[in-house]
Structure formats: C-alpha cells, structure tokens
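First comes one chain, alone, set out as structure tokens in the form predicted on its own.
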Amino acid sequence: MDTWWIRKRDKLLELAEQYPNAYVYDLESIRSAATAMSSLRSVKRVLYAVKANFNPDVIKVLASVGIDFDCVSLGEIEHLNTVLPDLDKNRILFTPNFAPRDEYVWAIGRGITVTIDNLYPLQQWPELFANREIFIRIDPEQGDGHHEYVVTSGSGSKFGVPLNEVSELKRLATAAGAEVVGIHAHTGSGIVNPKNWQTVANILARVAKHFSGVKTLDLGGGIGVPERTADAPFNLQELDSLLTNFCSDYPQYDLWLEPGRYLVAVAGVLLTRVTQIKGKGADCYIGVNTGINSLIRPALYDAYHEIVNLSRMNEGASKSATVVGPICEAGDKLGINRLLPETQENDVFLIANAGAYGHVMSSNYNLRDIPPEIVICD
C-alpha cells in the first residue's frame, strides 16, 4: 500500500502519544484530490459538499484551489462565512431538503442561490421566488450506492422532483415569476461507474428543455473512493471523457459536480488505542478506545474502513478479529473479521478513509468524548 498515512506513520504515532483518540487530516492529500477534480476539462465548477467535513482548515485549503461550496443548512452557510469572511456569496449553492420557510427567506435575503427540492415551496410560498433565479433538484429515478441509506434517487428516496411532475413544476415556477437557471440531481454515494454521471447529464438535459433559462446542469457528487487495499481508484479520466462528449452535444450548458467524500475521505484517519482483547469461543474481539460515537458509518451504512495496527505495521497479519468500541450497543463494531497482527494493549490502531462523515456525525453518546481534529500540513 502506498498511502499518505504509511509515509507519515512516525508522525501519526507521535500524535497518538498525545491524544487517546484523534481524527487526523492530511491537507496535502486534500489539495491533491481537489486539484485533480478541478482539472476536469468538462466541468465548469466543482462545489464541495460541506456536510462531509466542515473543519476550518479543510475548508480553507479547498477554497484556496478554487473549489466552491454546496450547503444544506443555514448553519453550514454561517460556518462558511465565519471561516471565509470574504467568500463571495456566488460561490455558495444552498440545497435544503424539507427545510422550513424561514431558511429560504434567510438565504434569498442574502442573495444566495437556492435549490428547490419539491413542488411544495412553489405551491405554498410562491412570493419568495418572484423575480428570482433558482435551481431545481430533479429525481432521475435511478440511484446507486454502497448501501440503501446512501441511494438518493428513485421511489424510495425523499429527494427531488419526480420526472412526471416536471410540467407542473414549470407551471408553478412561471406562476411565481421565478426563472429556473439550473437543474440539479444527486443519485447516491460511493458510486464507482463513471457512466452514472453521463446518464444523469442526459436526463437533466431532457428536463432542461422545459426551461428556457437553464444555463447549468449540476450532476451532484457521490464519486467513490477505494475502500479496500485492492480497490482501484476512481477513473477521473474516463469521467472527463464521457462528460466532454456530452458537452460537445450540449454546448449551451455548464456542468457542475458536487463531490464531498471524494475530496476528503482518504485524507482523514481516526487514531485510537487498544484497550482489551477478548476470546469468546471461536471469536476474537479487540476493543479500542472509541467506537460508533466517533465513527458511526460502519453501524449506519455497513461501511467498510480499513483498520491497521499502526504500532505493528511490519509484522505479519495472522489473526482474525472483530474490532469493537466501548459503546454499550451490540452494533458498536468498527470492523468485522479483520486479519491483524498479534495485538497487545495500547497498540495504536488506525481507521482509514475517515475524513468524510466521521467527525461531523460523531456524538457524546454514553457521555464519551468526541476525538479532536488534528491537521498536518507536511
């Protein structure tokens, strides 16, 4: 494996001496991922999904390489304004979902572009959108992802305007005096087939024909990252080629992407220490100092995160064990049946791909502390 956390192992072990548990982010890795995404010839703008990780240093490095921002709450917008007080409001897209009326009023009053996720706002609050340019989120009615909870399109998903309601959407927008300038979609997370975004682009282009003012097709995010050692990285070049062909057919539209996890997941790890080791019949459990209070993704999404014994990286993996935390829940499992070296109390464990939807989803459940966030720059 050739990952940043292997190259910087000594630094991580030093940090583990200072903190019993910690999220560590490598800004160099974030900058590299953002630069690669920004280099796509077919994509006019890249907007970072702030919900993935809103650490101030992460946001600053993304902004420094020209990445813009997609926010799903007023809290995220206010946080951006605190971290980047000089940020142009045009670099923010507000994409709420079932949000109260006041949030739309607040964002519109500040000149921030708003995405409408269903017919209700135009039906009930048409006055808010009079003489406004808006985005609309469409459900392409096909989704993908590594777990049902991350599939954000289709009949089982709460997101987006169904395709059979587009005519009514047009009528409502016209009646309200709103101009639809962008069509948006997001189909899921952890998608590894580049053709997904080509398909979405073609669907959105068909929807855009109903609205003469559309300039932008926002294809959402969900680009997968390698989860296991043997996984190949996502093929950005193939994605760029497919979307470049689309742009040749539809030169009137700018394409946007909204990656979150792709930009920050690999750049983050969760460090913790072994507390106890337990045999139970044929099973072996290795307990560590933090659990689903810090990283809920394995329990919530059945998400896979590589787990390595950082203290014994050079020793052969010889024993299968389930890695568990100290939380009083049967689902407090960070990794099941993982092949690890012979492990001892106080060994440092590293949980990989924890830079997205890790710290931001953590809690004080069982009144346990949330690990601090540490940023390394070299």
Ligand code: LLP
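Just count from 1 along the sequence shown to find any residue number. Source: prediction; values computed, not measured.
Same protein, other form: the form predicted together with the ligand, not shown, and the subject of what follows.
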| query | finding |
| --- | --- |
| Of 260, 182, 121, 140, the one that lies within 4.5 Å of the ligand in the model of the complex (heavy atoms) | 260 |
| Of 324, 59, 33, 49, the one that lies within 4.5 Å of the ligand in the model of the complex (heavy atoms) | 49 |
| 4.5 angstroms heavy atom contact with the ligand in the model of the complex for residue 13 | no |
| Residue 301 within 4.5 Å of the ligand in the model of the complex, heavy atoms | yes |
| Partner contact for residue 214 in the model of the complex: the ligand, 4.5 angstroms, heavy atom | no |
| Close approach of residue 190 to the ligand in the model of the complex, 4.5 Å, heavy atom | yes |
| Every residue of 186, 297 and 357 near the ligand in the model of the complex, heavy atom within 4.5 Å | yes |
| Partner-proximal stretch of 125 to 133, 235 to 243, 260 to 268, 274 to 282 relative to the ligand in the model of the complex, 4.5 angstroms, heavy atom | 260 to 268 |
| Sequence-ordered residues of 206 to 228 touching the ligand in the model of the complex, heavy atom within 4.5 Å | 221, 222, 223 |
